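First, one chain by itself in structure tokens, the form predicted on its own.
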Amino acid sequence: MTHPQLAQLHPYPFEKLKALKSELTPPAHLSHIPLSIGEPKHTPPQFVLDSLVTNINQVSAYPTTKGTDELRQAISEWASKRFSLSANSLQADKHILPVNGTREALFAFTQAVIDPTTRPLVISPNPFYQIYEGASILAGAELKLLSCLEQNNYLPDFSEVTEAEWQRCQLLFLCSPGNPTGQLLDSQQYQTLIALADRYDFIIASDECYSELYRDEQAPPVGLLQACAEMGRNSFERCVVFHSLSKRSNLPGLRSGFVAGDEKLMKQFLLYRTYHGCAMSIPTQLASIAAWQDEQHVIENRNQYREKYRLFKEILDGVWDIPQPPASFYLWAKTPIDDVSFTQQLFSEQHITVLPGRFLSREHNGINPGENHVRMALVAPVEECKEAALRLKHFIQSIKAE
């Protein structure tokens, strides 16, 4: 016997991509440049690696599910400063849980809060991080998708949700900066959604794992808890955020992040996680403290991404119009031919891998909002990204010449 909902799960986008490329032969004289996976390739901070080595002997101790007081305090101080929260409102003991990356946390949180006996509805942007879909299905919920289209600045159109759907909604997933679009919700949009959550009694789960990768150093993206603070909502009712060191600090393999927000929800999630068995190791917690307490490496990280965005814009200017997003490390680019053919031809001719937009989205109201787009992750080193832009320029020119 198998779990009845397992059969409803879609293959992961990268499984589809692997199948798409399986019979293609790229040019052997060109090195492969992968722009498909959002896996940071910048050098991790040395002081974090040093912490892991120094404290490796502490793997001899069982960690607690709740994590150490020191880690939760470091997270509290970072988040309170970064998002301009009221003093002592985000309390380390009540509002924060360390997690092994946001992927695990988003899935587990959904299982912990959904009541499958009441025809639950989960609302999600489309395109989306596929964990939202899988977590909802396995929690016994129906998924309502809101297409992120160009005419709406690639943000969800919440006016599409009916009164009856808001009444059934138990969980609303947000992703800002968006994956794959890099677009941002502003404080007023968050506050409007918080008011809806109060009216219809649902939870807002805001995936903010790209929040520290932004273009304007003077205008960091707003977060959900920040919007709460601006409303004087310092207990964060119905609001939970997810953060990670993967993108912020180039530490995807550390599997370290946190969930923070509503005290009642954190208590419920802690109970679930106690049985789930996902405590973070002590060496990882100590390394995470070091990462959350330093901002200089994050500033340097943003500078590298800015340089890569600049090179892409400069090299492809007048050849391929790709809007530069305000945040994230992605380019969500419209393709001159359909996105699957574009991906196949680009790999076959230039040995570059990108991700077809339709692999990140589902058809809704007769439209797949990812069609005729590709996602490109500018995660490779600067010189490799420059080479990718040059090859893309040649490739686009050849398509237009046909």
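Don't overthink the numbering: it's just position in the shown sequence, from 1. Predicted, not measured: the structure shown is a model, and the values here were computed from it.
The same protein has a further form, the form predicted together with a small molecule, not shown here; the description that follows concerns it.
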Only one of 318 to 326, 275 to 283, 172 to 180, 150 to 158 has residues with a heavy atom within 4.5 Å of the small molecule in the model of the complex, and that stretch is 172 to 180
- Task: For the three residues Tyr309, Phe312 and Pro381, verify that every one has a non-hydrogen atom within 4.5 Å of the small molecule in the model of the complex; reply yes or no.
- Result: no
query = Cys209 near the small molecule in the model of the complex, any heavy atom under 4.5 Å?
reply = yes
- So in the model of the complex, does any heavy atom of Ile203 sit within 4.5 Å of the small molecule? no
Item to complete: Considering only heavy atoms, tell me if Leu106 and the small molecule come within 4.5 Å of each other in the model of the complex.
Response: yes
| Using 4.5 Å between non-hydrogen atoms, is Trp332 touching the small molecule in the model of the complex? | no
None of Ser124, Ser246, Gln226, Gln304 but one has a heavy atom within 4.5 Å of the small molecule in the model of the complex; the exception is Ser246
The small molecule in the model of the complex has a heavy atom of only one listed residue within 4.5 Å, and of Tyr214, Trp78, Phe269, Tyr129 that residue is Tyr129
